[in-house]
Every structure is written in structure tokens, then in C-alpha cells.
Ligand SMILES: O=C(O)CCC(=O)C(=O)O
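To begin, one chain is listed below as C-alpha cells, in the form predicted alone.
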Amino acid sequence: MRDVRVSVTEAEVAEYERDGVVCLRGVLSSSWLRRMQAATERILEQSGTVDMTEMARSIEASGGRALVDTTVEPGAKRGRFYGGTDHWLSDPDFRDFAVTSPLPALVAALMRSARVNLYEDSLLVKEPGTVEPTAFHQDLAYFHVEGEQICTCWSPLDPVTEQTGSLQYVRGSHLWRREFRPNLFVSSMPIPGTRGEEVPDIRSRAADYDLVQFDTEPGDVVVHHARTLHGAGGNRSNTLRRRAVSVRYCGADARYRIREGAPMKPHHQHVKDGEVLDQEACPVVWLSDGGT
């Protein structure tokens, strides 16, 4: 089955540039969704993810403060939050999704870039009754790159609403030109040794920010700029899962910049600030006819 969409509109490009986030409806075919749903279950069965719920408990046990979504019904069965990265390196379906799906061409158009490199993928699963929200954060804080043409594609594999943990985005925050410290997603505490500002308490002061969120269906893709602040609640449903695959891409203006304290990948030991992302670990996945 062919993909439902292979292009973006000028209005969607303008929305992405203005708001730092845009929801593209009906991008992925049912065949892509079936492949990635099966791949997700395979990764979970192989324990190829980090148990973020257990991480939250470890943070609390060590005297830190983990976040809790108090709107999850008391007494309900507690689900778990799982996350993992770089599955494309070992799983053929994740690799094909990151490299040959419609995503590279779509983000090339959104970023107005003549080329696109893959940076990483991630898998995020919130089972029914997950009380751990996703702390507000800025993706760029975790990336050892800089540039304007850097984005994340968030692809839900289940219907997602506010009840099951849809993402909230601070509209226009990519234009603030501010760098925030990374956190561990289940806590707002910054990762030790990192630099930048602490992320403001957006969750408790939501009225002070221009927040936008999207109810999404499998096949939709939400694309946000790497500087756009975003977070999500827990999964308040007792029966519905929230599975999503994110893929992060860099455009032609992206260059390596090693950020002190941020998690590093093996190849980051061999790159220098200012270098182009052309290593095997960051392959070119889209190139225009006139790209260089």
C-alpha cells in the first residue's frame, strides 16, 4: 500500500516556522503502522527499553523528586512508562522507518533543507494507568548538534488524547533563542553537569504559556523544532495504551556541538565541534536533486 501523503503544504510549513510544531494528518500507511506496531512489541519483549517507572522510583529512593500525574485515578491498576533510543541500529523495521518512510522528505520540506541526516530514533510507551508524566523539556538539550534545521517526528501507533498522554507544546518557544538543561523525563531536576537555564515550571503555570496539543490517530505525525519546549501527562486510561515512535532529523545547516553533561553516543568521542553530520551513525537519508 502506498503512503497516504508524500508532501506538505505551504500553510503547514508556515505553521511549523511560526509555532515550532505542526501536526501532519494521514502521513503513514496502514502497512507502516502494522510493521512498527509489531516492531514495538518485539523491542518490549526483548527488554530493549528503559523502565522509566523504575527510574522514577530510584530517583525518589535517592532523595530526589519524581513527577506524578495526580489525575490518574487512585486505586487503578498502575502501568509502566518505557523508553528507548537508537533501535534503528539493530532492528531492520526501525531502520526502514527512519530511512525509507515518508518522514525524511516531509521534514526536508518543513525545514526547507536540501539534505536530511538521521540523528536518532526513540520508542516511548505509556501503558494504561501510567502515573509518570513526561517532564517539559527541549530536545536540543540532549543533542550534540546545533543549527536551525533540527526536528523531531512523533508518530503515534495508537489513538492519543489528553486522557492517554498527548504531548503539549509551548507554541513559539523555539524562537526564544534560549538553551535549557536536560532532565530525565520523569523528573524536572536537571541532569547533573549540564549547562543552560532550568526549564520553567510550565505544568503548574500553564495559563502563563501558549500551549497547544493535538488529538492524534495512527498515521498522523507531529513534527516539532528541536528548541520547542514540550511535555505530556500520564496515561489516565485503564485500558488504552500510548505507543509512539519518534525520529530526530538534522538538515543541511546542522553541525556537531558537544554539550557538556548531555548523554553521549559512541561516535561522539570522535567528532569535533563544527563538523558536518556525515558519519555512519548519522547517515544522509534524503538529498534533493541539487543537494550537496
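Predicted, not measured: the structure shown is a model, and the values here were computed from it. All residue numbers refer to positions in the sequence shown, first residue = 1.
One more form of this protein exists, namely the form predicted together with the named molecule; it is left out here, but the text below deals with it.
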Segment assignment from 110 to 118, 171 to 179, 134 to 142, 189 to 197: heavy atom within 4.5 Å of the named molecule in the predicted complex: 134 to 142
Would the named molecule in the predicted complex be within 4.5 angstroms of a non-hydrogen atom of every residue among 21, 149 and 227? no
Considering the named molecule in the predicted complex, which of 124, 72, 221, 98 comes within 4.5 Å of it through any heavy atom? 124
Wondering, does residue 94 line up within 4.5 Å of the named molecule in the predicted complex on heavy atoms? no
Indicate whether the named molecule has at least one heavy atom within 4.5 Å of a heavy atom of residue 29 in the predicted complex. no
Does the named molecule come within 4.5 Å of any heavy atom of residue 232 in the predicted complex? yes
Given that the named molecule is not shown alongside this chain, does residue 248 nevertheless sit within 4.5 Å of it in the predicted complex, heavy atom to heavy atom? yes
Within 4.5 Å of the named molecule in the predicted complex, counting any non-hydrogen atom, which residues from 78 to 103 show up? 81
